[in-house]
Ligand code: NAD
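Form predicted alone, single chain, as structure tokens, below.
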């Protein structure tokens, strides 16, 4: 059987296209009392981007904090805040920021139309009702959150996405100008999330020609960005992120992402740097990918943190391993249906102890 999956139906790309956001939203405003919710990373508070938002009278601005990875309880609080603002639902949710902010906006748009807590929907295809209309405006490139059917959240028991066709954005606005001024380390770690998507997809057992076509183009763009010199590197990275997300849409990520989820659940490690930390210990799984990744780190003078798990007790390490091993599709993509005999709990624990 083949998956009949959805993709984002409306995409605008190009330098300066953010200026068209107001025109894109206008037809979605239903009447004079309608409002939109702009979900903006609070790093932009008081900065130029906040002043450029095409907000109209009655619109709500939610400044969200992503110092920590998004948690289900934080999503519940934001949904309550929107509901307290108005008895009617917004006509749209617009997420502006990096992967975490875009995931928050996706989750809020879903939970406005689905009862209960966000934690109730961590898993695959548990959402029953379509989301409120939602738009992504990435200001970082690499996570693929703008094109993904997943909103990655940390719940009380696990770190696991809300995976649903309803999670997908209705519109994405890809303006490379918005990537200007990103700190080097953050730019690298987020971009490596894309590179690792490609390595895991292209080396996975779920690979098919659909995934290969997108993955090969994405990894080629990543090499141009991180190993060469190009004046339009932000344009290339933004498209690499899109193609990388499309590559895993019909396949899956693998061992690195599974391990990074465990690391993040216990230590709160941000996704991009968490993937880099775990990937660096997987040369026996992805030998060529890790070798090239280290060349990219050397070129950009990136130094990963070490000894993160040194002082963790057995209980914390056990939790970390259980979270990682709970992501069965990722391991199956990496090692096949016999993955449990390849990636044993002891092997996972050994990897985490090295970190």
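Residue numbers count along the first chain shown, from 1. What you see is a predicted model; the values in this text were computed from it and never measured.
There is another form of the same protein, the form predicted in complex with the ligand; it is not shown, and what comes next is about it.
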Notebook entry, point to check: Using a 4.5 Å cut on heavy atoms, which of 278, 164, 190, 251 is close to the ligand in the predicted bound form?
Noted result: 190
Item checked: Interface residue in the predicted bound form among 218, 201, 151, 109, criterion: non-hydrogen atom within 4.5 angstroms of the ligand -> 151
Note to self: I'd like to know whether residue 182 contacts the ligand in the predicted bound form, with contact meaning heavy atoms within 4.5 angstroms.
What the structure shows: yes
Checklist line | is_contact(residue 66, the ligand) in the predicted bound form, heavy atom dist at most 4.5 Å | finding: yes
Notebook entry, point to check: So, in the predicted bound form, is residue 286 in contact with the ligand at a 4.5 angstroms heavy atom limit?
Noted result: no
Margin query: With the partner left out here, check for me: in the predicted bound form, does some heavy atom of residue 186 sit within 4.5 Å of the ligand?
Written below: yes
Notebook entry, point to check: Counting only heavy atoms and a 4.5 Å cutoff, which of 73-81, 228-236, 94-102, 121-129 contacts the ligand in the predicted bound form?
Noted result: 94-102
Next item on the list: Go through 39-68 residue by residue and record those having a heavy atom within 4.5 Å of the ligand in the predicted bound form; state none if no residue qualifies.
Entry: 41, 43, 44, 47, 66
